[in-house]
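Coming up is one lone chain in structure tokens, specifically the form predicted alone.
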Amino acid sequence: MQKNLFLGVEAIGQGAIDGGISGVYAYPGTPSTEITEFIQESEQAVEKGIRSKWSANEKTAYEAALGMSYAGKRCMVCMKHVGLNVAADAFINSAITGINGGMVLTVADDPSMHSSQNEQDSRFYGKFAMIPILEPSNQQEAYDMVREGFELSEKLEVPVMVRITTRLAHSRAGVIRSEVLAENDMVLPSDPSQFVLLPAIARRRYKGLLEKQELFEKTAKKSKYNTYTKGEDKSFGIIACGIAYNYLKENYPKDDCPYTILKLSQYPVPQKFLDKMAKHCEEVLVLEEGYPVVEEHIKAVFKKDIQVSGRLSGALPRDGELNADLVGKALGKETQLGADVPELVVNRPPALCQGCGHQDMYKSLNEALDKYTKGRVFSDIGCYTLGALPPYKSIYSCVDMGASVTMAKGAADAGLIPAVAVIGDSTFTHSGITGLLDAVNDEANIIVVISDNESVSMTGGQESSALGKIESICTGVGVDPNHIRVLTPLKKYHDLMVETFEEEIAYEGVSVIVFRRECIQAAAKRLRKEKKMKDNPTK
């Protein structure tokens, strides 16, 4: 059959379309962004009328997906690993409510923190919620798991998590598609109290979730994605989870690994496989991308006379991505390291694009604050976080989405005045509005800079939920309209921007200064599209 050369994220998007989804819900976040973009740009998805607009944040995305499931339709919700922190309330409780239409949560983890604040492992969340987790080892499995995940979700009556990592998300492989499944009809839950988590109902449903754990494990044991292969040398066993199975196979290209291998790609971990391994193996090596989830589990299960090695033992690094060489070294194989990087080749730090409006904003902010001590500017997550680097060195925090406003407020409460928050337009509507409301209610003496480039630029220029709404939102939460200032960050307006900062620093209350200029990359993309439309008006 014909193969499609898909990125992992594209395989997941196609698997969802072919699995019969009626909607996908997401907030942009690398390495998960392209899943939703693939569906948005798919002619097949457009023809089917699949809902695919971006959500304001991961919590609203998850809740909307749960609402579509309530109505009996299949849906997928996508996010990066730290996005699941934002959606955690709805996520954990949805395991107790259960689902109606099949619901798949795809979470993209980022070991080595290529574009993230941490490398947390979403399998811990799945275990915490006590739901099944699927972890593909390659792009074909990513497609199949998502396509089949909706049926699994409906069979087990809970959301199903698909956990991938950056390397799988952004690498390509041949994928064979399967039959396209029809969308579900709209059918409301047979139990009208299913989604009403009053304590009496929640206690009953939680007991039901606990009772299903045995079924989840039996389903994992029968899963085609979990395989147990006896080796000639039965004294040594390997548990390879998800993409780590690929790294193991790279060390044995002739498929001649002499050891017993448990390929683990569906959780919970089937106890019967561990019992089989415990009968023969004296030592077990756990290969897993991320945290030592399985290693910790089997340490508690195996007898003390079975040596367990992995990330906790030091056989593999405790942090960062795995690769074939690290796995080979853990197996005692000789590995060939490349030549040292020449001194001439140095890492190039990331930088704001030439002509970016954030540059002009930071230059004016630095001048306005020059008379004060350092450490007064709290930032958020976006392109503007690069203001921490030379030549600006303007910001002193970047913790989580929305934290700039609330940290600035807390610092001002402690007496650090002036205190300035820098937040982007999309991040503001993601998690900054409630912090601004706190500041207004507490009459905090802070300046909130909203650097509005009219898109979610850091992840590729997706549409911002804040577009055209910022001033009305700020007014709505109670900011004095006289202290909502809107400026265009251009070099020719530098003096005006500095003057505006100085005026708002002198004001004892909540000030909002909006620096609005279209992202220079988005502008270039828009102009190219307009030129193409002009040159080809019939297309």
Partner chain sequence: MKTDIILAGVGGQGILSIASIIGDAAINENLFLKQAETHGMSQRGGAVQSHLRISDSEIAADLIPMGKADLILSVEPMEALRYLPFLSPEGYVVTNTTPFVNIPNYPDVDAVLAEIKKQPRFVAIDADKIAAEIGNKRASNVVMLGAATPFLNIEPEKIEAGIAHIFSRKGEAVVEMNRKAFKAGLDFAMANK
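Positions refer to the first chain, counted from 1. Predicted model, so just to flag it, every value in this text is computed and none were measured.
Not on display, but discussed next: the form predicted in complex with its partner chain.
> How about C383: is it within 4.5 Å of its partner chain in the predicted bound form, going by heavy atoms?
Flag for C383 set to yes.
> So in the predicted bound form, is its partner chain close enough to M533 to count as touching (4.5 Å, heavy atoms)?
No.
> How about Q307 - does it come within 4.5 Å of its partner chain in the predicted bound form, if we only consider non-hydrogen atoms?
Residue-level check for Q307: no, no contact with its partner chain.
> Just checking whether R167 would be counted as a contact of its partner chain in the predicted bound form - the rule being heavy atoms within 4.5 angstroms.
Yes - in the predicted bound form, heavy atoms of R167 and its partner chain come within 4.5 Å of each other.
> Identify which of P189, P317, G231, G174 has a heavy atom within 4.5 Å of its partner chain in the predicted bound form; exactly one of them does.
Of the listed residues, the single hit is G174.
> Quick one: of P349, G468, P199, P258, which gets a non-hydrogen atom within 4.5 angstroms of its partner chain in the predicted bound form?
The residue in contact is P349.
> Tell me the stretch among 411-419, 190-198, 275-283, 241-249 that has any heavy atom within 4.5 angstroms of its partner chain in the predicted bound form.
Careful reading of the contacts points to 241-249.
> Judged by heavy atom distances of 4.5 Å or less, which residues of 330-352 approach its partner chain in the predicted bound form?
Residues within 4.5 Å: Q336, L337, G338, A339, D340, V341, P342, L344, V345, V346, N347, R348, P349, P350, A351.
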